[in-house]
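The chain below stands alone, shown as structure tokens; this is the form predicted alone.
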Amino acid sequence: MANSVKESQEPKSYYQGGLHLLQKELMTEYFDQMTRAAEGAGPPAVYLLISGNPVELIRAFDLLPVFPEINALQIAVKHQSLPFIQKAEEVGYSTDNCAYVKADVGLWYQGGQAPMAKVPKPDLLLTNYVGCNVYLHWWEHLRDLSHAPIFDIDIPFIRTADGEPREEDITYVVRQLEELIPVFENISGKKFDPDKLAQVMEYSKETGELWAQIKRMTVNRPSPFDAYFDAVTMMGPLYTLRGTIEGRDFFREVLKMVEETRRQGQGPLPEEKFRLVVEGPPPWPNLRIFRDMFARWGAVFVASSYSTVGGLWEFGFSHDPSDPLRSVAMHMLKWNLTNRNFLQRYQQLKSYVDEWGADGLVIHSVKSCRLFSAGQGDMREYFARQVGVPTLLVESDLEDPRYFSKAQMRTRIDAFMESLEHHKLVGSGR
């Protein structure tokens, strides 16, 4: 059966050329800013994490946000992660440590020279602890290497049955943000300007609303873009440029492109045969190979949990310029994937399957990331047996290429897609 399937073809929808070109221009400028900062010609650098972060406060002081996660994945996408990982292992990191951490630490031992930029040393290490205690240790290690000051923002887990943060938890986070403001004043040499923060929040509000509109477009048949492989192209500007006019304008243009693609009845593949939902980060070192393994079957991912790792805008969140600190606190507490409990994650995936009309669920379990991989075996059983959704669980890594077996992965995916094809032929598909 697999031999009769056509090999992957280049997507024909015109949006991709414009989207990727615009994204490349913006990200190149962002990485150039990092290089200038590393050379002493840019603003002070603040290291922070993707999930539920207070980047708006950083932007309000004209500081440069630097994301070690993004640096690590960029290294992986460029197929250069293994030497950095091995360098970290040489100095004592275990093979089962988070591969993002190892790539980033290895980068430090290479003088901060990444393939896409020279990474500046931090003027502040800002930990927004959301969901994973590895973050705390990662930033502590960076502190030891850089001797930069560290500021921990403690984000309580959601502990209520309705999934809402307690009022005292919101106040607790807001108070920490208030304590962060004088730290930024000291680093930047600028006084806090509430009006500037409100403007930054307005840009974030518009950006999030545009992103939510774009994400909802995949409900259409055919989906005008792939909500996993194309969404990661958009996620770079979403995180690095949120709170800026450039970021807002990027998503205005993307929305126009995607709307035109939908109007023309086009999609990322010549023909959409299967609609899938995916859980977990991509295998960055083998992103194109992984995509082609599904594309050759005409499979498009119409929703992904990973595209919500930094924020859940399509589920109703919006930054509020009139109450910025509370709004940022809510983003960190409630409106990001990694601070959600398992029941909330299950419900999110189920809503994707139901509302987006998916034929199946794919779970990409990441060997070195306990945050995403813990409980995914139970997740597979729940969706396959209780919900009745054909579910595939595959394992590799988001950074370490040694854990990706092309032949084994293709065999698993082909068997799953053959099963979905059989379901459709006998009329038992969703």
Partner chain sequence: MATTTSGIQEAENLSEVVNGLRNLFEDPDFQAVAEIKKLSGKPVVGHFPVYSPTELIYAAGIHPIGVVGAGNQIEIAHADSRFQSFVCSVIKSTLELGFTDRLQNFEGMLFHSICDPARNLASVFKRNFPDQWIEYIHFPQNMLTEGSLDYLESEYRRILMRLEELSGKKVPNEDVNEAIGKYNRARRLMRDLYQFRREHPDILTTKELYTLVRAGHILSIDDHIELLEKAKILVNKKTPHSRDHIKVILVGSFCEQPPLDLIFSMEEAGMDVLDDDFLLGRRWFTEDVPENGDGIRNLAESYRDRSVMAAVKHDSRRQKGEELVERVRKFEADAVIVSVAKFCEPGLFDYALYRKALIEAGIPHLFVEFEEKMWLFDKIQTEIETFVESLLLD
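Residue numbers count along the first chain shown, from 1. Note that the structure is a prediction, hence the values are computed from the model and not measured.
Beyond what is shown, the protein has a form predicted in complex with the partner chain; the following relates to that form.
J.: For this chain shown on its own, do 74, 121 and 260 all sit within 4.5 Å of the partner chain in the predicted complex, going by heavy atoms?
T.: None of them does, since no heavy atom lies within 4.5 Å of the partner.
J.: Name the single residue among 320, 206, 169, 314 that comes within 4.5 Å of the partner chain in the predicted complex, judging by heavy atoms.
T.: Going through each option in turn, the one that passes is 169.
J.: Name the residue from 144, 195, 271, 178 that puts a heavy atom within 4.5 Å of the partner chain in the predicted complex.
T.: Answer to the contact question: 144.
J.: Which of 101 to 109, 77 to 85, 249 to 257, 322 to 330 has heavy atoms within 4.5 Å of the partner chain in the predicted complex?
T.: The contacting stretch here is 101 to 109.
J.: Please determine whether residue 137 contacts the partner chain in the predicted complex, using a 4.5 Å cut-off between heavy atoms.
T.: Result yes; residue 137 sits at the interface with the partner chain in the predicted complex.
J.: Hey, in the predicted complex, does residue 92 get a heavy atom within 4.5 angstroms of the partner chain?
T.: Within the cut-off, so yes.
J.: Consider residue 132 of the chain shown here, and say whether it contacts the partner chain in the predicted complex, taking contact as heavy atoms within 4.5 Å.
T.: Flag for residue 132 set to yes.
J.: Residue-level contact is defined here as any heavy atom of the residue lying within 4.5 Å of the partner chain in the predicted complex; does residue 156 satisfy this criterion?
T.: Residue 156 belongs to the contact set for the partner chain.
J.: Scan 375 to 409 and note down the residues that get a heavy atom within 4.5 Å of the partner chain in the predicted complex; none is a fine answer too.
T.: Sequence-ordered list: 375, 376, 377, 378, 380, 381, 382, 386, 395.
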